[in-house]
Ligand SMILES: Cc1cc2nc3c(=O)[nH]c(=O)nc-3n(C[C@H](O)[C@H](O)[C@H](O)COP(=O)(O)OP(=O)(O)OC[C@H]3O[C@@H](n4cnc5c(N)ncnc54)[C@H](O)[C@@H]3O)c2cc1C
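Just one chain is shown here, as structure tokens, and it is the form predicted on its own.
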């Protein structure tokens, strides 16, 4: 059992948990993730390790409440416990050794890009973070990222930072030159747009893929992604890949595989006792 030490609401549907997981905290590296299971029979959910404190024996998980299982998780409170946390899983981030890196985070993806920015800054790399949200209340990890370098905040309505999308700010940085690598994490359309934007400049662009996972060890094949002319598995070959080689059409198609089931499960959760279409 992994006790929850603290819980913080970061945005209307994003929650940060600090959870006891001493062995994971000791060895995790940027880019790696865990598979979380709330209890027996519960869904296995992959979550990036947003931060860790080896001395305290804790890791930080940032959860966006979208479906039934993530809503069940964010309903937990300090003192409650998560039954299983397996990890660290996945390949660590291949960090730029020197130069200027731009870390682009969209929505909850900002929490995923934070440990990358942390590690880059610690290695002496110049870091510029470009983060965004629909409006001020949807922007997360801005203060934490300011500890790693310059931060450009973008909001759709202009309520914080500059008005516009993260891709517009990234385009301006690319035009200015001097960027050695881009790390982009967020919604699939955003990562795809970042990769297409940097392609003409020849800037290496790393993206973190949120494909469907079950076991996290490469056994089930559910997280298969197309990278160039090959099929790879996000859980063991990734989750980070060359954004210019990703088959985003295949990724989008596979992400919709269980959408009906997910919507039905969420409806059952919000309307207990009611007969739904799947019950007939």
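These figures come from a predicted structure and were not determined experimentally. Numbering follows the first chain given and starts at 1.
The next section is about a form of this same protein that is not shown, the form predicted in complex with this ligand.
* Only one of 194, 131, 108, 117 comes within 4.5 Å of this ligand in the predicted bound form by heavy atoms, so just point that one out. => After the contact test, the surviving option is 108.
* Considering this ligand in the predicted bound form, which of 250, 212, 42, 245 comes within 4.5 Å of it through any heavy atom? -> Answer to the contact question: 212.
* Looking in the predicted bound form, any heavy atom of residue 70 within 4.5 Å of this ligand? -> Taking the distances in the predicted bound form, the answer for residue 70 is yes, it comes within 4.5 Å of this ligand.
* Answer with yes or no whether residue 64 is in contact with this ligand in the predicted bound form, where contact means some heavy atom within 4.5 Å. => Yes - in the predicted bound form, heavy atoms of residue 64 and this ligand come within 4.5 Å of each other.
* Should residue 239 be counted as a contact of this ligand in the predicted bound form, where contact means heavy atoms within 4.5 Å? -> Residue 239: yes, in contact with this ligand in the predicted bound form.
* Could you tell me if residue 112 has a non-hydrogen atom within 4.5 Å of this ligand in the predicted bound form? -> Although this ligand is absent here, residue 112 would touch it in the predicted bound form, with heavy atoms inside 4.5 Å.
* Asked: Just one stretch in 78-86, 147-155, 161-169, 204-212 has heavy atoms within 4.5 Å of this ligand in the predicted bound form, so which one is it?
  -> Among the listed stretches, the partner-contacting one is 204-212.
* To do: Heavy atoms within 4.5 Å of this ligand in the predicted bound form is the criterion; list the residues of 142-159 that meet it.
  => The stretch does not touch the partner at all.
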